[in-house]
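Just the one chain here, laid out as structure tokens, in the form predicted on its own.
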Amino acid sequence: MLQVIRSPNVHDVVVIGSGAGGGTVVHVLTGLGVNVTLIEAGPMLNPAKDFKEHMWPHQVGHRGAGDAAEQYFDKQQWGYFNAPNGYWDIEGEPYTTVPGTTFKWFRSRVIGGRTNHYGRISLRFADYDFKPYSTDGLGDDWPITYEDIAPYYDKAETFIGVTGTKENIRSAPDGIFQTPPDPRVHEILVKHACDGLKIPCIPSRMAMLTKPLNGRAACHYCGQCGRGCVTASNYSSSQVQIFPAMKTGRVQVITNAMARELITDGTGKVVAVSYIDKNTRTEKQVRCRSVVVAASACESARLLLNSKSARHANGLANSSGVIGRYLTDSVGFGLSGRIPALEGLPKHDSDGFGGMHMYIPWWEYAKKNKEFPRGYHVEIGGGFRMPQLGMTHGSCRRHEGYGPSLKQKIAGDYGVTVSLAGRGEMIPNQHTYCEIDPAVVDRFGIPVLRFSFRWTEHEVRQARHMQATFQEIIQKMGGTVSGLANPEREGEGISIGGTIIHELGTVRMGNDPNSSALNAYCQAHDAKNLFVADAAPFVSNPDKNPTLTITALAWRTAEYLAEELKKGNV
């Protein structure tokens, strides 16, 4: 018989997950004097040991493709040099898909989660993004407005540091910005082309520092943000929020702890968190006054669906039946082109930020009778990026022979390509969701998720618009289209569901308990001491990357929770 180890103490707040949402809740609550217990499914992070931003390929076996990296590749799937970033497939922790559908789920198992390596694009949602149904009759309106969340965007940007310029563009609301870096050569060419097409191209909004902030150094432009940042010049919840909060003495961190279920009492309130200690394979319970689930949208839905009881037969906080439903991912489409104006350009260090210095916000938000609803923004790539394994395969494939002529071909192709990647809004549909697979469990005996995913004609038409627009921009630059840029794509070049890693909406907020799981403060209708603070509460998936809104919404939720604790309401 399995022995469950129960903690004797009752913890004030247990936070499950340490990404943007969980890290923000920990930061805000500890700053307000609240004691927090943080549960993370992965290990502790050591930036000095785990980050490889200034390591060269020749310093490790087979330039990082094998030998010394072999053991690393058994655990990490995006390469030896990337920051600890998680997995598309985890041994012993499967997920399944409904026959005939495809979905890929990326999970990070480490303190800070995806924020250790994500692109750090930090865009505010527009006012109309919170009222999609009122705008075009599709989907549902959020129970909050832009005015409700704007003060928390201010707090988040002020604290984490976001670059940008004030542009007065409705689809890209202005914020509190640090000075952005100068554009690279290829970005200047893209902007000139966009100017001619009456398309805006503006400095990107990135959670990276151009001046010191709260003891963090300004970015030194090594361009290796995907490898981690030992100076914490870019935002990660691990370095910017959790580690400083740990120094206050108000955070107890439990790592390698796989949350199994939330235990409730006869009134429906959460009284404990059950988790599997991955090191000992024992089940343990942490008693609590309140709990904040921030494990990522799908993982949070899984935890709640697995938390069944006599009072919560369909899963905790799921009397409405919406948990797992309304799952979305960003629409992705990419195109690249060869630009003659970049040929023969003197080779120079164009690293800058590890990402774009300019981007294209959605420009047709006021247009009526579009061929598809909502919109997309465009991310720009190019320049003399650090050479890495595989980047010359195109030159080699298109050239016959070896020796000096091949080297000349590779050098001539280096830095002459510009890529454009669209990130657009998906409308929730009944065919896209996640649920508990009734026949499959993970290595800890926890039932796993089963996914169903389908793009609709809304998203397909949007991808076609992206393709036409990108072709027009490349041709305006005097270039020629060289091919689709998405590494994984379905018909029409659209991304496979999940591969943009913007999944959200599985535990939606709303004013009506019959059609939503959470209220406007991300508090469960069915259990007043349960809150959700990742992308799961989102009602829609606008064309902006979700992390800044996760942070702002979590900040708002944490302040509300602290006040409710003070009043004795939870």
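All values derive from a computational prediction rather than experimental measurement. Numbering starts at 1 and follows the sequence shown.
Omitted here: the form predicted together with a small molecule. The next part is about that form.
Shown here without its partner, the chain carries V98, T328 and T432, none of which come within 4.5 Å of the small molecule in the model of the complex through any heavy atom. This chain is displayed alone, yet in the model of the complex one of S236, Q462, S296, S495 has a heavy atom within 4.5 Å of the small molecule; that residue is S296. Proximity to the small molecule in the model of the complex, defined as a heavy atom within 4.5 Å, holds among G161, G112, G424, P84 only for G112. Stretch 39 to 47 is the contacting one of 39 to 47, 511 to 519, 524 to 532, 56 to 64, since its residues have non-hydrogen atoms within 4.5 Å of the small molecule in the model of the complex. Of the heavy atoms in V292, none are within 4.5 Å of the small molecule in the model of the complex.
Among residues of the shown chain, I501 is one whose heavy atoms approach the small molecule to within 4.5 Å in the model of the complex. The small molecule is not drawn, but in the model of the complex it has a heavy atom within 4.5 Å of G119.
Mapping the unseen interface onto this chain, N545 counts among the residues with a heavy atom inside 4.5 Å of the small molecule in the model of the complex.
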